[in-house]
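One chain comes next, on its own, written as structure tokens: the form predicted alone.
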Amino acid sequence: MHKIIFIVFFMISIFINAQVLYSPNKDFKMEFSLEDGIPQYKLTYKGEPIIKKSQLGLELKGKKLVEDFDVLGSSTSTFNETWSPVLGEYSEIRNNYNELLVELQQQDSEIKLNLVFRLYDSGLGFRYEIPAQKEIHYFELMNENTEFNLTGNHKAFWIPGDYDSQEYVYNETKLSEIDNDKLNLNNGVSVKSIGGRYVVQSPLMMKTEDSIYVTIFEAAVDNYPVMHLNLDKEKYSFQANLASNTVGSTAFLRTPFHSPWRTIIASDDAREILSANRMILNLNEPSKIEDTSWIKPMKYVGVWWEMHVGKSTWEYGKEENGILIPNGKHGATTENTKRYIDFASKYGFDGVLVEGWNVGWEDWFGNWKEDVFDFITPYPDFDIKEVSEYAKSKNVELIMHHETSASVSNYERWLDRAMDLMNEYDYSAVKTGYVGKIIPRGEYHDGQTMVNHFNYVAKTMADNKKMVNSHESTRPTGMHRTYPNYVSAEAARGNEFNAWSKGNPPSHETILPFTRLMGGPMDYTPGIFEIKMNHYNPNSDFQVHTTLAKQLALYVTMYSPIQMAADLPENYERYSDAFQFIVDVPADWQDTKILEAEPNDYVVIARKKKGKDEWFLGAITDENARNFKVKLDFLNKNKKYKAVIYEDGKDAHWKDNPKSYKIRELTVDSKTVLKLNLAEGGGTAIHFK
């Protein structure tokens, strides 16, 4: 790690209440001011206003830290380092920013409040700090008065502010058209806790009439609720919106305290927005795990998709008079799991996930009980010892599954015993699930209590050298830098919705990199080859809304260091030539190049395999067919490469003919300009070697 720090400190008079901060490349300018005792900021990009003058402050129980402030002093600093993530899209990340620290004191209460602004070449991060002081120790946060006053009626890509779910299809509308009451939410999700009529979730992606892309998000959320955004439609202004707890406040806190970072990323090039996810990582603390040698990328298969398509069930059967009666369709049997282990071993996959292995599935959905699962008791037809020994003999890792049914108090009671079981049978990773309303009731998935729970599980797993892949959790905010064993999360509408609902529209995967993936890897579970569900049920009209070639491209465009080949083994062996791309594509990267991008339309990304002179390219489009001319100047200038191209067939169409694909090979070099032809809802995947 190389680090350079320049610090300039100066005290200013309480009568001088304005400060200016520039990004290292001078593209961004942030101005802080104190007007009539109210702290405010504004932001410009290349001279164009991005955020108009906006107020800052915190509302505590019994005290509002929003006005009557004086400036005690300020300091500025410049920071420049290069660090290496354990797993990631880049082998090295530069962390370079200019910082302004403003020290405030409220006149009546004499409470001190600090504001910290960090300006990067990609945008602004800022947070609140309440230092240790005799005037305040323990406190309840009621609200956060952070404003984001925008410059116009921007186009927005948004989902409703549900405190319990992110599993929505994105809407593309003007800010003035945001209205949760007018949405058709019959999309396979039970809407439980919409935060308000004009509340949306962050990260929020927008595009101005001048084609400047703006994203409002946050970083390093810990011991604090996730931030949603409440829209004032008359002013085109957002204010931070936080999920409340059981007593009506938003957080129980103590000094010294700092909030998560509030972030504003902007660019006139959509490709730079995708690259700016490194800023979110930089705002998180370095790894707290000293020995990270056990944290490794994984590609896995598993007993999972077959339950979604109705071939088998999670539950062993029904309970009658205290006795489990088998239904004959249970998926997580010893023999079926061995079949997946054999498949993983044959094709070089790292792991096998087994869902439905433990008792409780017969009485979990919709019953939200405290003690549905115990996380240590297998069903009678799953011999955990035999399966573990068989996996070892095949050099395949096992991935534990813990569905909590959102009974987190029960899960925490069992967690140590669950860890003991994982250690006994050498499970290297766990997939956690949180379907349902949180128990204890009254808490939200996005509230302080649950944020702390998700991070607690990651920390506990780290103590046991286990990796975590969470589903139905809060969306990541870069905490995988601090706890790199928190390798991935779902936290959005994933591929599973295509099996049993109206599914995800062809544009869905082109907006996720601009939104959900800004905060961290997503376990989207790509790789579905049998696109139409009438393959399993002749009466089903459900399907995956992509071509087969696009499912391959998702392994490049949707980053995760733990990637699932989600379809059934027999489907892959039926299309073994296309399956070769999934076999070859890695899950950890040396470098990433964003070649083309437009939110909700298309994404083209190239990534270099870590430690190898091999590149992989993924190109995806929405419901429109598209042609791209892609320069291969990212390739080594002194070498030629064989490009194995997996692309849509000439008659391919996501709905009418999704499995039409072709594979061809070319010899290319860094001067080659490659033409890509993507069908409606289609994609292209390329392996350069």
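Because the structure is predicted, anything quoted here is derived from the model rather than measured. When you see a residue number, it is the position in the sequence shown, counting from 1.
What comes next is about the form predicted in complex with another copy of the chain, which does not appear here.
In the model of the complex, at least one heavy atom of residue 246 sits within 4.5 Å of another copy of the chain. Contact check for residue 94: every heavy atom lies farther than 4.5 Å from another copy of the chain in the model of the complex. For the chain shown alone, residue 425 is not a contact residue for another copy of the chain in the model of the complex, no non-hydrogen atom being within 4.5 angstroms. Taking non-hydrogen atoms only, residue 456 approaches another copy of the chain to within 4.5 angstroms in the model of the complex.
Highlighted residues 409, 417 and 440: every one comes within 4.5 Å of another copy of the chain in the model of the complex, counting any heavy atom. Heavy atoms within 4.5 Å of another copy of the chain in the model of the complex are found in one stretch of 388-396, 246-254, 513-521, 350-358, which is 246-254. Checking 413, 296, 532, 610 for any heavy atom within 4.5 Å of another copy of the chain in the model of the complex turns up a single hit: 413. Contact with another copy of the chain in the model of the complex, judged by any heavy atom within 4.5 Å, is made by just one of 501, 452, 77, 208: 452.
With contact defined as any non-hydrogen atom lying within 4.5 angstroms of another copy of the chain in the model of the complex, the contacting residues in 106-138 are 137, 138, given in sequence order.
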